[in-house]
Every structure is written in structure tokens, then in C-alpha cells.
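Okay, so here's just one chain, in C-alpha cells, the form predicted on its own.
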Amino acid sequence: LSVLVFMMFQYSKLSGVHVAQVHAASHHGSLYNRSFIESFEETPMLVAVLTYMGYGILTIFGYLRDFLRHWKIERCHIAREKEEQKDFVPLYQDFENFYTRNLYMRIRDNWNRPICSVPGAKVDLMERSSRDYNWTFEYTGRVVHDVINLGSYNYLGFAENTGPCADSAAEVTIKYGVGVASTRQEIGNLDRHEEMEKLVAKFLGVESAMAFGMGFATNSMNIPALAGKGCLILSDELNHASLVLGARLSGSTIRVFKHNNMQSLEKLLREAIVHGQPRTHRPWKKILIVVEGIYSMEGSVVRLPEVIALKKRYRAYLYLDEAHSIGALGSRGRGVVDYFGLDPCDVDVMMGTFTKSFGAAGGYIAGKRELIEYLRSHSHSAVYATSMSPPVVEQIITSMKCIMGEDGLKRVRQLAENTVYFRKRLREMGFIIYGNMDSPVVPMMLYMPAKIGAFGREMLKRNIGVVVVGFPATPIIESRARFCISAAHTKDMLDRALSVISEVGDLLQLKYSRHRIQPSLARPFDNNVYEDIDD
């Protein structure tokens, strides 16, 4: 009974933050120049209880199997110390890996699948099998051809081995080689690097930009250069791990606001201004608001017009991560700023990656010239990291020029059409879909742990490659499949995928949606919206 009460309490907390439909409609006086529709349908009560029960049963059996392993009744595959080192401080913490051993291993075959083709709209997968329940895999030698790819971040379809991007990268490889073997500050600064950064600044509509060889390091190594002790970072609760790591490495005080909740953000801003730093109550040296353009697990879009209004009102700084939104949103494919029709100068630090829409690797920071010059000498990622590979740089240059041309605009429009069509069809089928109607990241809720592995396997049997996600990457009650739509997907591909998703959804009973639309909780942003907020 106590377990059931705990489950109900957890469910009530989780469901309380979700509304069936959120609208920020366009009207006179609003900051939005277009409708802003996001959907987060509540988890059905029965599904929530069964999900907790499923994890509870798996946990009980996990402890039982750990007991059998301890007494060597069951073979132990985990990394552990040798018997002669049993009196040493343990290097491998058994309990910390409990979830990996007993839950993740059951469905491990759904991840790390090796492909042997370009990660385009269709991919070829290397078939593998396991004889020890997913602890190890063996390759069968067979290749599964023409699997429709609904998992890669290939939003604009630039992951190609033919066409202008591939040709340009090949020519540059012959001329410059593959690696630079030095940092930008020493002898690794190529003319192509300079051209790329000028092009990025022009594309974004800002004064200057600089590029880095790794998207994750762009966040984790640059935030510590921008904030430090005596600074305050206000971070969205669903921010990416790279942003979280960067904030922690900075040594700044970190406070987290509820996802896309402007009342929560303003409350923290007010408290920061009124109370200042803990104990001393001195004013904060700097207040940095950190948000993403598209949240990769939720499919939601940041409420950027409201964030900018708050940032201006309280004189804070704004750090915008456009890893998933650059190229994928906006009428010109220039990200969430373009999507809302805002001035790029209102964003103090514009960050993005080349790994998704551009089909390349690395990331960038863009903004005012003074900011970029400061980072060139203070960012660890700029000073100590090896320069970007020349063929990667050329891929970025060519794909960005394409996006700025007519062919690129066609890709942007095609992605938008594919996204709206795919999301609409899934909702009509009865699935619970999270996120913004214009987001190419489409999370479809699975909930129960057994259905995570079953969905991935059943889809692959029908030649559809999908990504499934569960705890701890998501809340324990919100396991999901995450589809990534691409401009390279044809309508036939999408229809084929939708037909298979519907078939598997019926097989696994995944059509949970009750289509209950609640009144909007969102209000236009004006001076009267954000009053004093009680806890």
C-alpha cells in the first residue's frame, strides 16, 4: 500500500507540470508574431501506476540476481576487482551500476547499432546477435539494407556522399589533408577557418563568430570563460549535459528554473536582484540566463521573446544554445531567433553546432566582436584544442552557402512541411506526442520499461530505425521514442514509417492519447503578467 501511495504521489508531481495544450497566440500587444503551440498531454493514471510497478518488479529481480552473482550461482559479467584486491578501496562501485546491470542490459541491443553507410534518409545496418543476454555481441556478417532513418539529426539532409558538399570536402582534403596537427593560436589557423567564421557571422547576422572542433566542448569550455565566482547562472531544468557541465566548471552559483516557465525565471531574477549574493548580499557580478533553442528530449521551443524581455528588464545576459534549432527553424533556417523574427543583437551569446543541420562536426560561438576576441584568448577550447579538420570546415562552408541560397530554402521549407505532417498524423493515430508543432524533434511516449526495447526491435524488424530513450535520460515515468525528421525524407518514406508505427503501436498498445485539450495557461507578456509569485 505504501508503495502505491508513493507512486501516486510521484505521479501527481509529474503530471502537475504538464498541460494538454499550451498556446501563446499572436495578438495585439503580444511579443509573439505567430501562434506558439506546444503539447504535453498528461500521463494516464493507469499507465503511470503500471510503469512504476514495472520498474519495481525489475528492481526486485535485479536485487535477486545480484544476490545470486554474489554467491557465484549466476555468472557475473560486470567489471570488478580481482579477488586479491578485495581489501582495496573499490574502483568499480557495484551499486552505482545497478541500473546498468539489471535494467539497461535487457534492452541494450536497441543502442549502439553500427551502421555501414551514409547516415541519410536511409541507412544500412550491420546485423548482430547476442548469446549472453546483451552483455556481448557477435556480428552475423549480414547487412540490413535501406532502413528508413528516423534517428539521425540530419535535419536538412546534408549527410550525403554525393553532391556539392561531398565534392568540395574531397577537393579540400587533397589540398590540405585531413588534420591540421596544431591549435589555432600556433600554426593551425587556415584561410578556410577564417572564411568559415566570417560566413557564420554573416549567416547569423552578428558582428563576429568563432568555431570549435567539438560541439559539447563549445558549451563546457566556454561558459567557464564567461562566468566565474560571484556570478549567477539561471539554467532551464532541461538544459543539455554540456551546459550543465559548463555551468558547474565555471564555479558560479547555479539556480534552476522550471522548463520554459517565465514566472519561475522572473522569480529567480527578482530574488537575485533583491538579495544579491548569499551571506554578503553584494550584487552579483553577472547574471547569465542559459537556455536552448529546441530541447532535444522534449521537442519544445524556448519562449525566446519572453526570455529576452526579462533579460532586458533585469539587465541580465542571455546564452542561447541553438544546437538543434540552427538550420531547423525559421523561414530562412537561421534558428529560433529567425523563427520568432527577433533581432540577433538581443542575444548576448549565440551558440550552435555544425553536427546536425550542416552534416559536419564542431560548434560555434557568435555575438559582438569584443566577446569573440575575449574568447579567443580565454577559452580553453580555443587555446588548447586542435583546429577543425579542413574537410569538415569545407562541409560547413558549402552547406551554409547552400542554406543561404534557393536550394537551401527549399530544404528548410521541406523540413517544415515534413515536421507538421508527421506530427499531425501521429496525433491523429492516438499517440501522445510532446513538443512544439514546428519542432523536427518528435518525442512519442512509451512509458513502460518493457515497451522501450519491444518498440525498437519491432520497428527494426520492419526496416525502420528509431531511437528509444528511457531513465535516467528521461524521468522514470516518461520513457519515449524520439523521431528526428529530415528534409531528405520523402512523403512515401514518412507514410511507410507512419504505417509501421501505427502497426507496432497497436501491437504494443501505445496509443494512450485521450485528446483532452485544456484551456491555455499561457498569457501575453506585458508589464502586468509577472506579479509577485508565491512558492
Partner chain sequence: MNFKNFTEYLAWLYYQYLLITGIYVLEPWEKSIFNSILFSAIAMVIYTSYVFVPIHLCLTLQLSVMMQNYL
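Numbering follows the first chain given and starts at 1. Every value quoted in this text rests on a predicted model; they were computed, and no experiment measured them.
Form predicted together with the partner chain: not shown, discussed below.
Just one of 438, 160, 458, 197 comes within 4.5 Å of the partner chain in the predicted bound form, counting any heavy atom, and that one is 458. Contact with the partner chain in the predicted bound form, defined as a heavy atom within 4.5 Å, is made by all three of 53, 68 and 133. Annotated contact segment (heavy atom within 4.5 Å of the partner chain in the predicted bound form): 104 to 112, selected among 318 to 326, 104 to 112, 283 to 291, 398 to 406. Proximity of residue 423 to the partner chain in the predicted bound form falls outside the 4.5 Å heavy atom cutoff. Of the heavy atoms in residue 506, some are within 4.5 Å of the partner chain in the predicted bound form. In the predicted bound form, the partner chain sits beyond 4.5 Å of every heavy atom of residue 45.
Shown alone here, residue 180 lies farther than 4.5 Å from the partner chain in the predicted bound form, counting heavy atoms only.
Counting a residue when any of its non-hydrogen atoms is within 4.5 Å of the partner chain in the predicted bound form, the hits in 423 to 451 run 448, 450, 451.
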